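Next up is one chain by itself, shown in structure tokens, the form predicted on its own.
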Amino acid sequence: MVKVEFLGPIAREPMEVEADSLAELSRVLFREESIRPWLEKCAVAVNDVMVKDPNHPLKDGDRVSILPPVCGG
């Protein structure tokens, strides 16, 4: 199981998901209507390291952070 946390304005509690890769995790998250609009806009970090490769492997205990774009000033 990986722990998925949603940061910023994505008003969603963390969840635990069975997934072997970011691509598989994305398919699981896409089923959630409240999360779907954010998926294409967000960056992803695995254990606090930014990751862009959808085939990035995930292992039991990993923490995946979904990071929405932010406005700076």
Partner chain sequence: MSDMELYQGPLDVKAIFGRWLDEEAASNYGAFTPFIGTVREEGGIEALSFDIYEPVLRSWFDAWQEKARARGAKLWMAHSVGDVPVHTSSYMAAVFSPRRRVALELIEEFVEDFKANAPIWKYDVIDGRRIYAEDRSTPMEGAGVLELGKRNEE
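Positions refer to the first chain, counted from 1. Given the structure is predicted, the values throughout are model-derived calculations rather than measurements.
The same protein also exists as the form predicted together with its partner chain; that form is not shown, yet it is the one meant from here on.
- Although the partner is absent from the chain shown here, none of Met1, Met15 and Pro57 has a heavy atom within 4.5 Å of its partner chain in the predicted complex.
- Contact annotation for Pro9: at least one heavy atom lies within 4.5 Å of its partner chain in the predicted complex.
- Mapping the unseen interface onto this chain, Ala19 falls outside it, with no heavy atom inside 4.5 Å of its partner chain in the predicted complex.
- Put simply, Glu33 is far from its partner chain in the predicted complex: not one heavy atom of it is within 4.5 Å.
- In the predicted complex, its partner chain lies within 4.5 angstroms of at least one heavy atom of each of the following residues of 37-57: Trp38, Leu39, Glu40, Lys41, Cys42, Ala43, Val44, Ala45, Asp48, Met50, Val51, Lys52, Asp53, Pro54, Asn55, in sequence order.
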